[in-house]
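The form predicted on its own is given below as one chain in C-alpha cells.
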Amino acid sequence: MSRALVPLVSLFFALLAAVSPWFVIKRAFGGKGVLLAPFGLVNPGGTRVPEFDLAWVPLAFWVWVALAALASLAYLFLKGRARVQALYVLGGLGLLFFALEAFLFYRQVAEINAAALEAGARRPPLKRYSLSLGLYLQFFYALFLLVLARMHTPGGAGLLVRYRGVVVPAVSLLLAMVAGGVLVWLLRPIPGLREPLSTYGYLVAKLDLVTYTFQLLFGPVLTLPGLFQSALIATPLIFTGLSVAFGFKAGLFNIGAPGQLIMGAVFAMFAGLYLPGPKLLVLPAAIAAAALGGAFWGAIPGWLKARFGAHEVINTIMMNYVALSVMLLLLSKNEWSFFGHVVHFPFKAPGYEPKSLEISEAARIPLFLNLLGFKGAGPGELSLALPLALLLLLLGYYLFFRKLELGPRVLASLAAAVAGYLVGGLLPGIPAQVGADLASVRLNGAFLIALFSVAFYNFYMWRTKHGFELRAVGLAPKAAEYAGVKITQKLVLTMAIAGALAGLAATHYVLGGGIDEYRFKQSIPYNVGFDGIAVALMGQNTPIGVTLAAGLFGVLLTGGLQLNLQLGISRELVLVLEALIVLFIAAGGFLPRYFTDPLLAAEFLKRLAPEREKEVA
C-alpha cells in the first residue's frame, strides 16, 4: 500500500472540511439554511437567527487538522505494531472528537431555544437544525483510520477481499453518490439566494445543497412513517430481486420477472374472487396461486432452453409481452367476440377502467398495522402476538434448537413462532398512538411473506442438496453433468422457482392492496421486475444482500418524494443513482480483479493464509 495514501487522503478531507458547512443552525422549507462553517457564518437567504457562539468552530477545525496530520506522520514514519496502535488511537480520538462537537452544537441550540421560550417567544427560533458535511467527513475519516489499522494487522490485508460481497456494492454506492452530487452541483441553484456570495460562501452553500439532497434521500430511515413507506416500496423489489438472483445462481439470466409478476396477479385474482371458504384456507390458497402463476410462466422458457437450447433472455423478454397482452385482454373490456361468439368476463369491473372486481375479504392480506393490533389512526394497543412470534422464531432457530438437525430445527422454530403468536394474542397489549401519516401507509403482510421468501432462498440454496446442484450447474455445467446432475431438470426447476418468487410479488398488489385497492389493475407496476435486476446485482445475489439492496432502493424512492417537494429536484435523480450503481457494480467498483473474480480472490486469500494463521495464534 502506498506510503502517500494517508497524507493524500488527510489533505483531501482537510481541504473539503475547510469549505464545508459543519452545522445547519436553521433550515426553512425549500432548502434555505443558515450554515455554520469553520471560517464564518453563511446565510444565503438572509434569515434572522439569534447570536450563535462561533469561537470554538475554527478551533475545532484546527484540532481536527492536527489529528489528521498526526495520522499522516504516524503512517509515514512508524512501522509494524506501533503504526497500527497509533492509527487505532487516532481513529478512536476522531470518533470521540466528533461526538463532542455534536454535543456542543446541540447543547447550544437547546440553550438558545430555551432562553427564547422563557422570554415569551411563541415558538423556538432555531428549528430543523442538523449536523452537516464537515462533521460527517470527520466521522468517516475516523472510520477510515480504524479500517486502515485493521488492514495492517497480520492477515488483515485480506479483510476487504473476504467481505468483497459488501465492499463492491458499498464502493459502487459511494461512486454513484459522488456522481449524483456532481449533477446536483451543476444543475441546481443555491436555495433562497438573495444576493451574491463570496467565493468561500458560494462553496459552502453549494456543498450544503449537495449534502441536503442526500439527507432528504436517506431521511426516511429516521422516521417510522418513512420506514414503513420504504418497506412498502421494497417489498415487491425483494421478491423480484430474489427471482433474478435465483436464476443467476444457476447460470440463468431471468429477464421475465415482469411477466411472471403479471401472471401471478392473474392467478391470485381468480383465487381471490372464486375460491370459497374461510380465511384460514382461502388466503394461503390465494398466495399459493400467485406463486403457481409465476412458476408456470417461468417454467416455459426454462423448458424451451432445456429442450431446444433457446436462450432464456430472449424467451423471457418475449414472455413479458405475452403476459402483458393477457392482462390487456382480461381487463380492457367486459365482453369480447371470438369467431362470432361473445364471451363475457364476469371478473372485470363494470366501466371503462381496466381493473378487476374486488377480491373477497377471505383472500385479503391484512395491513401491517392491523397485524400489530392497530385499527387505524388514533389511540390503540400494540399486540404482542407478532413481535413474540418473530422473537421466538429467531431464538428457537439460533439458540434453543441449534443442536437439532436442520429439518427438525426449522419445524421446531416454526412451532415456537406459532405458540408465541397465540400466547402473544392473549396477553394485554401496549397502549400506543398511531398518527395519520403512519396509518395512511399501506404496508401489508406481504412484507412478511417477502422475508420468509428470503429465508427460503437461503435455506434452499445453501442448505439442501438441490441447491448445491443448482449452484454447481451455475458455476460449471459440464462438470455438474459429469457428476450426475440432470441439467435439463435443473434448468426447468430453476426457472419455475424464480418465476414463483416473482409471482409472489403480486400478493403485495392484488391480495395486500399495496397500491390502493384489493384488485388486479392494469396500472400494476410490473416494471419492478426489471428493477429486480439492479437489486440482485447490488445484493451480489445473496439473500441478505438482496434484502438490503431492496431496502436501500425503497428508502431512495421514498426520499425522492421529499427531494422533489423541497428542492424541486426530479425523482428521476433516484433512477440515475440506480443506473449508476448498476454501472459501477458491473465495473467492479473499479477495484482490483480479485474483488470480483472468485478464483482470483481465493488465490489472493490463500497467499495470505500464513499471516492469518499467525494472527489467530
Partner chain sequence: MDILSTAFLVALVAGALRQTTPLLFTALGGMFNERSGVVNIALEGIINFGALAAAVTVQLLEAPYLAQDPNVRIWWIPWVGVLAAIVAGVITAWIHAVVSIRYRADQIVSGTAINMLSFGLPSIVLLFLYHNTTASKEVVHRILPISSYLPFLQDFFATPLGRILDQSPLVYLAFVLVPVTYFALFKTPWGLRLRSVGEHPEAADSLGINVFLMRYQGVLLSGVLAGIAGAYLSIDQINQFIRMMAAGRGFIALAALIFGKWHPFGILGATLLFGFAEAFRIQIEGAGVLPSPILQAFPYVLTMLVLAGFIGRARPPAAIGKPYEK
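Numbering follows the first chain given and starts at 1. Since the model is a prediction, treat every value here as computed from it, not as a measurement.
Note that the form predicted together with the partner chain isn't included here; everything after this is about it.
Between the partner chain and the residues 140, 274, 253, 459, the one pair within 4.5 Å by heavy atoms in the model of the complex involves 253. For the options 311, 486, 162, 466, the residue carrying a heavy atom within 4.5 angstroms of the partner chain in the model of the complex is 311.
Taken together, the three residues 117, 346 and 364 all stay farther than 4.5 Å from the partner chain in the model of the complex, as judged by their closest heavy atom. Stretch 580-588 is the contacting one of 580-588, 46-54, 63-71, 22-30, since its residues have non-hydrogen atoms within 4.5 Å of the partner chain in the model of the complex. The partner chain is not drawn, but in the model of the complex it has no heavy atom within 4.5 Å of residue 103. Of the heavy atoms in residue 482, none are within 4.5 Å of the partner chain in the model of the complex. Although the partner is absent here, residue 336 is a contact residue: one of its heavy atoms lies within 4.5 angstroms of the partner chain in the model of the complex. Interface residue remark: residue 607 is not counted as part of the site for the partner chain in the model of the complex, having no heavy atom within 4.5 Å. Residues from 301-332 that approach the partner chain in the model of the complex with a non-hydrogen atom closer than or equal to 4.5 Å are 304, 308, 309, 310, 311, 313, 314, 315, 317, 318, 319, 321, 322, 325, 328, 329, in the order they occur in the chain.
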